[in-house]
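There is one chain below, alone, in structure tokens, taken in the form predicted alone.
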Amino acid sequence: MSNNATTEEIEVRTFQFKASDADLADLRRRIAATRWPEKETVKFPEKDTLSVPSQGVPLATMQELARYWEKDYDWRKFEAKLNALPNFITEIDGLDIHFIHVRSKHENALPLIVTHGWPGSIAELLKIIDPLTNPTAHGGSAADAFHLVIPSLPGYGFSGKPTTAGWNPDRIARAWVELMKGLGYEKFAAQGGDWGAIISEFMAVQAPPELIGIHTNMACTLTPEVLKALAPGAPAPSGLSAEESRAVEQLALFNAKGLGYSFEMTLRPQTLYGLADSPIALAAWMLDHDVRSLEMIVRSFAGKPEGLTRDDVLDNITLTWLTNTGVSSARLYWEWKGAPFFNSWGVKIPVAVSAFPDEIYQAPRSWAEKAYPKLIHYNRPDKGGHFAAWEQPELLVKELRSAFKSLR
């Protein structure tokens, strides 16, 4: 590995973002002018299940979010935090790619590219930066250090918006390899959740010689047999362990209640004009991703924060609003063309898995061992869900330190 890599090895420009006062005033004006629908006709469940009726993000949550967003939320705090980090933009394959690049002071740090997903952004990854790059200040040793590269996906945040089709996960994976090599890294690892997990897996399938392994907190382990069993009307597979049965139940819940946003963005992302015109429409759309994350966010706006605070949620939504990337980010689903999210892709290089309990499904070890013949780490943390780096940064940092020890 080149430990003296600098951004001078590829053509980059430094980047800072400052929202205009006019744009922030316009945001508050639009929030205040929201025309609200009536209240839902069923109570939002404390624990959503297949048998419990739910109609989506409750009116009370959205009205409290709107009140806080208009009156109390301060975008400038997050903006200052973001601008305190080394941000860059470079052109890859004809598109501007934004990325944060933080190099550790420790000589033998492992380069790691970390990729966010939808409805996330780089906002969901900021909490893990200092613990990973500066481990001695966070209970670790110099041997735990990473150099971090955190890009914004095409069409998300500060990266360019593709003007032609074709920016699918496979192409993004190739761009990420080009980015890491262009930064001078002769070996590196990759990590991600949501789209970041799929893109990391595509990097692993491509298996460039520089990529030594990946870590995923949304493992893609479903075999053809499990996929068949999850089809509507199919009988439950027999002979499952307790872990496998729970995973099947979680997947059934997601298929039944968690795919509405995916269907629309896969089929007709351009139809979602409301995401560009109404901040409340954008916020509601981004909140309703998976049932466990929504339950957590509802509790947060009811004054019972856990994992994510109100500011966490609104940092991410406001970033999307100010960059007008609600529709452009949705197009990644159209590029995916309805392919399964969790099926095994045939990865042959080393893989580490952290299976959080409130993920869309908590991948069983037995499935991970079949999907990843070079499984180097598997663990089931006690808490955490889909946005692991955002919700439980300390646990994910611990996982990453353990995951890559054998590859250093």
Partner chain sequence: MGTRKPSRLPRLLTLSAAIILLSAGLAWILTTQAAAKPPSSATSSESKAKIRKVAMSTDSADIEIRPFRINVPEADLVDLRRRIAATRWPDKETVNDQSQGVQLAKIQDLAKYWGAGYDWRKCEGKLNALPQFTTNIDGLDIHFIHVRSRHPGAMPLIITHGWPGSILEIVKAIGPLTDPTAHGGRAEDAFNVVIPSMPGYGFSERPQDTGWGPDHIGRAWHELMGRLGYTRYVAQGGDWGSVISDAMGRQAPPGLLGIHVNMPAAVPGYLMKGILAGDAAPAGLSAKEKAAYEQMSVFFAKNGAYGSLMATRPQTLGYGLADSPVGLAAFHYDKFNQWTFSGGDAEKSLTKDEMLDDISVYWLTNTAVSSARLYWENNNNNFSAETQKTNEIKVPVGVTIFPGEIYRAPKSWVEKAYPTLTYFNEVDKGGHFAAWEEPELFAKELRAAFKPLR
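Residue numbers count along the first chain shown, from 1. Since the structure is predicted, the reported quantities are computational estimates derived from the model, not experimental observations.
The same protein has a further form, the form predicted together with the partner chain, not shown here; the description that follows concerns it.
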Note: the partner chain not shown here; in the predicted complex, the stretch from 66 to 74, 353 to 361, 376 to 384, 28 to 36 having heavy atoms within 4.5 Å of it is 28 to 36
Using a 4.5 Å heavy atom cut-off, which residue among Val298, Val291, Leu110, Leu308 comes into contact with the partner chain in the predicted complex? Val291
Which one of Thr223, Thr163, Asn83, Ser141 is close to the partner chain in the predicted complex, taking close to mean a heavy atom within 4.5 Å? Thr163
So, in the predicted complex, is Arg268 in contact with the partner chain at a 4.5 angstroms heavy atom limit? yes
Does Pro340 reach the partner chain in the predicted complex if we count a contact as any heavy atom within 4.5 Å? no
Can any non-hydrogen atom of Ala207 be found within 4.5 angstroms of the partner chain in the predicted complex? no
Quick one: does Thr136 come within 4.5 Å of the partner chain in the predicted complex, counting heavy atoms only? no
Residue by residue through 240 to 277, tell me which have a non-hydrogen atom within 4.5 angstroms of the partner chain in the predicted complex. Ala256, Lys257, Gly260, Tyr261, Phe263, Glu264, Leu267, Arg268, Pro269, Gln270, Thr271, Tyr273, Gly274, Ala276, Asp277
